[in-house]
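Quick heads-up: it's one chain on its own, the form predicted alone, in structure tokens.
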Amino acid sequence: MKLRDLFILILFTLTTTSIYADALSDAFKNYSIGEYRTALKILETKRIAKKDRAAKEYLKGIINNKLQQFDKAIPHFQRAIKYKSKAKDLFYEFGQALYAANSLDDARIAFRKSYRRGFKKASSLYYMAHISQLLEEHKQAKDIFSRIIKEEKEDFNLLQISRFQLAESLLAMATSKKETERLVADYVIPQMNKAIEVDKKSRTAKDIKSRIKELQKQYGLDPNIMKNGKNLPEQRWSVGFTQEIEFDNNITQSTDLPTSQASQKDSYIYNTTVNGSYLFNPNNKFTVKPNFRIANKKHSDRNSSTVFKNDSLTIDYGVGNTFEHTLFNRQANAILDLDFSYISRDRNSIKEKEYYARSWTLTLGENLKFTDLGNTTFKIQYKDYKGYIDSLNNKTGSFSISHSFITNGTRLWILFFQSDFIDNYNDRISSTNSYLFRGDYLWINILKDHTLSFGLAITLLDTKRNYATRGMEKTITPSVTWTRNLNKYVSTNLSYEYTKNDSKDEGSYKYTKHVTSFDLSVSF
């Protein structure tokens, strides 16, 4: 027996002293144990004293509510009110019956009286607000929900639902304004997020999250869907670490310029790389992605200066930006990247890295789909390179185009071309133009979690002022890589690369080399 029912039973026992009191008490006892129809039959067939008629009508109304016979309950509550029933929950129960019978205006009045009597004040307010929503009186609903949020301190379920419904009222008000999208973003969704914070693990919280995604999609506010329909990853940050062990049978001495000379020395090379980035999405049209990369290279041969002088530390940092739009009625994005690089090397062969060069690079590009067969990316770059000595200074203009497409669902093809025009303005004899042609074929999931890839790169180097002695140098580099994903975060690569460089100056610039490497990568 509920406490309220026990209270009513005691009240009846103390106040019904007429010869008909037994009938009323008997009816209530049956009501208390769930025998609603028996209790109702007693009230309808037994005579009840006139002074107890308010209690009788109140009880008949309660029983009909329990039996979900709300139309029948309403007149009994009305008579109980007429006979001046003192039951504290009278107007709350009356409001429930009117609400179920769709008499919304009268139900709201009943709940208002229940609130004034102090019975279930928060719940009474909630019904008043909800009814106002149904009547499309959203300003009134907003005010009442706000009052519940201010007054309710204990019932977190009601508080959460009230915050949620307040957001729905704000949404209804926003749809009648010109700036609906902004109002939804600035007021509706933040209020829903506050509702989630009340109890993140509740079923209501899950429903609210679904509603937020629905609104974000409807009003173009989903932070993971751009204006042109492009999907962004939910996780905006990434951090990676790679440790590579490489064996090179012919270490080349070089700067960042494509003027490599063979050393005829072999060595293991340990490459350690750490990188990270974060993707910002200000307004579903632009993305901003700050990034960094730190790469350390160390050679195992510590005896030959022509080898360990290539030890280096490179720090790259920059920001990548895209403008998402449509072109030819397809997704496209314009690219604007600005990158900086700091390089230190063991330039004096003393087994200590010193400042070698710094550079900055500006990239403009466009990624688009001409057809359903893959994506195409065009880029132009300008690079300003400053070395520790003036003879290393250069400016490079570049153009590149790449196209990728998938066949058979798991076969990825990548075709790439890039031309670099290097102006070594303090040492013109070192200026070059290079043209790179490359193709890659990746067989994804050739075995579960395994990818096999083949690559072929051909580079033509116009040695310009050295053309008489070096000619147009040609480099061919085939490669093969086996990748295995150990889990979501860890992968390994085993690769082999062969390089053959042809030059008229065979003694200095013609060479071949074999590079075998293994790396372990961890990324989050």
Partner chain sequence: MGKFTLSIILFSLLSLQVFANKGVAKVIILKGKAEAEIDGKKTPLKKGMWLPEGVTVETQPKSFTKLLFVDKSSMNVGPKSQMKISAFPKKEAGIITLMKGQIRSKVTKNYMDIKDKSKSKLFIKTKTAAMGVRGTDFQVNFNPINNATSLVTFEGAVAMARFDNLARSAASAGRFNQRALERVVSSESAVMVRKGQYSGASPKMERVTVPVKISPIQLETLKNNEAASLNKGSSGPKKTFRSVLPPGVDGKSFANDGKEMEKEMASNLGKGAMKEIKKEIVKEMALAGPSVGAEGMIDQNTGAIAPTAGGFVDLGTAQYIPPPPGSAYDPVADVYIPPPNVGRIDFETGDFVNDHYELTPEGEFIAKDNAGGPEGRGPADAGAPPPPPPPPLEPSGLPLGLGPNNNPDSPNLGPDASPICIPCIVERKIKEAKRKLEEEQNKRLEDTNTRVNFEITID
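Definition used throughout: the rigid core is the maximal C-alpha set that superposes within 1.5 Å between two forms. No experiment lies behind these values; they were computed from the predicted model shown. Residue numbers count along the first chain shown, from 1.
Although it is not shown, the form predicted in complex with its partner chain is what the next lines describe.
Residues placing heavy atoms within 4.5 Å of its partner chain in the predicted complex fall in a single listed stretch, namely 381-389, out of 136-144, 181-189, 381-389, 218-226. Checking 444, 334, 288, 239 against its partner chain in the predicted complex, a heavy atom within 4.5 Å turns up for just one residue: 444. Residue 29 is the only one of 46, 29, 484, 465 with a heavy atom lying within 4.5 Å of its partner chain in the predicted complex.
The closest heavy atom approach of residue 301 to its partner chain in the predicted complex falls outside 4.5 Å.
Residue contact with its partner chain in the predicted complex: residue 404 places a heavy atom within 4.5 Å of it. Interface residue remark: residue 127 is counted as part of the site for its partner chain in the predicted complex, having a heavy atom within 4.5 Å. The closest non-hydrogen atom of residue 153 lies beyond 4.5 Å of its partner chain in the predicted complex. If you take 64-92 and check each residue for a heavy atom within 4.5 Å of its partner chain in the predicted complex, you get 66, 67, 68, 69, 70, 71, 85, 86, 87, 88, 89, 92, in sequence order. Once both forms are fitted on their core, a CA shift of 2 Å or more is seen for residue 199 between the shown form and the other one. Once the rigid core is used as the reference frame, the Cα position of residue 57 differs between the shown form and the other one by 2 Å or more.
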